[in-house]
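The structure tokens that follow cover one protein chain in two forms, given apart as structure 1 and structure 2.
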Structure 1
């Protein structure tokens, strides 16, 4: 038996004893490494005659290839076996990933959108950074009008004053979208629900500097107060429950005439004002103030390019945080908790 065959035999023996990938790594080094047995065998080549040299070189090369292949095949077998016998402990507890949820206000926005979508209102959003014009002038509150004071406002100082539109502000109410919607649609009918962030510099149990409102606007021929009342009643029953009633209490807003503050029966005493012969602590009178509303003022229709002789309309504005807080089962007594970002509060919903 020549040296090459001997080495081949030795390799086969070694291979049969290799049972792990590290055994195979060592085997590779032992035979094919720089100082390995193959190279050692080649070192003896110089003693041979040229034809023998050629013969040996060829055989050694064949052996090298074969060793490489056999180690590769065995490596696959070892890995496969390790995989099939690896142990999985089925009793270990699984990984628990924290589950997120929407913010309470986001849930309310979704619900309100759906309620109005059902009766054909389209949802719009208008700029949060707005011109004074759309928040005041176009709503029948010209510069210097005292009613502007009812809407405390953040002004954007670095923006230059525009001749027509005045200063830039953070929109203090969604009513700013009324005239924008009229200008967009141009010709009634209009049925819009505008849901957006609003800003006013207030911070107490019922106010946060950033809050949300939704504004309803309906304009067409022959629209009257009964449509307004019916729509608010529909919303109150869908959002708060069938057992709730509403009423329209006279009020004043520059952009509506007549104007109202819709009230809703209290969810705790259901409009009676008393529980167990005592005044209801939540409402004191049976009613809770819900929103602002009214018939759109002719000057506002004109600002939107709509003929007040031909068309009439109504509008309302609700605070989303406010209606969320009033919902049965929620009954928050401090609005600010909505924006504290305390995960213990938020993860309850």
Structure 2
């Protein structure tokens, strides 16, 4: 019996003792590894005659093929037997678990913050639970103003009324941050973007009881309407893209004079006002109101400790959910879906 046959018999004995994939891996290394028994057998081939070398090479290749096949068959037997137990094949790829993402509103907040950071605006956040004074009185809204009715504002009943600041409320807009920012800075120039949650008792396709706003405030010497219009144009181009149109309509707000309402062409009907021969349920006319804006009222500047004879400024308040609905490609016709926690919708972003 030659050395190849002896090695084959030795392998079969070792194979019969193998009961796990680990044993089979070790067996493969023992016989077929770089320093295995077959390579050691081949180290003596230089001593043989040419015809003997050819014969030995042929038998060694046959032995290698046989060993690989026998190990493969034995491995399948071991795995089949192990299926009824808690066997884990460490060579299998791991499970891919779903990866989460930020909420669509969070993405919008990040993008808006970066847009205004480029032109020197600092990011601020002021209280969600606010005093009547900062939300209304300091913004030139007298006690009888309709916005101060409990149909428009959430009042906090358990909080006692403050003699100076009035009742506590859930902030209905980020405009309360205007006076707070003036009092904090004390002396212009001021360039502030205030992003926060707001609360109003409204619930329909374009309103939710809790929503987000971002408030822009710029105060300095010789600030005028052209600066306001230029800033809104800049934001529209950065956020919505070149295909959307903006317009300014005269309006009235207590805390700005003159006042405007910036509109943008609807992103659902693309400014047509109709979809499939029916009125667009979002805009009704092709345009959607984005914000309130205007030059800061002198009374508001005075409430913030700023001299209205020396300084002027502009302010605007945009709803983040509203501008997100109108963003290119979103095609969202109901704001409420943002807060329905429908994973089929949220996983798209």
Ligand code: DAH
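Please read all numbers here as calculations on a predicted model, not as lab measurements. Think of the rigid core as the biggest set of C-alphas that the two forms share within 1.5 Å after superposition. Residue numbers count along the first chain shown, from 1.
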Mind telling me which structure is the form predicted in complex with the named molecule? 1
For residue 300, is the C-alpha shift between the two structures 2 Å or more after core superposition? no
Using a rigid core superposition, assess whether residue 243 undergoes a CA shift of 2 Å or more between the two structures. yes
Aligning on the core only, does the CA of residue 341 end up 2 angstroms or more away between the two structures? no
Shift in Å of the residue 36 Cα between the two structures [rigid core superposition]: 41.0
Quick one: how many Å does the C-alpha of residue 94 shift between the two structures once the rigid core is superposed? 2.7
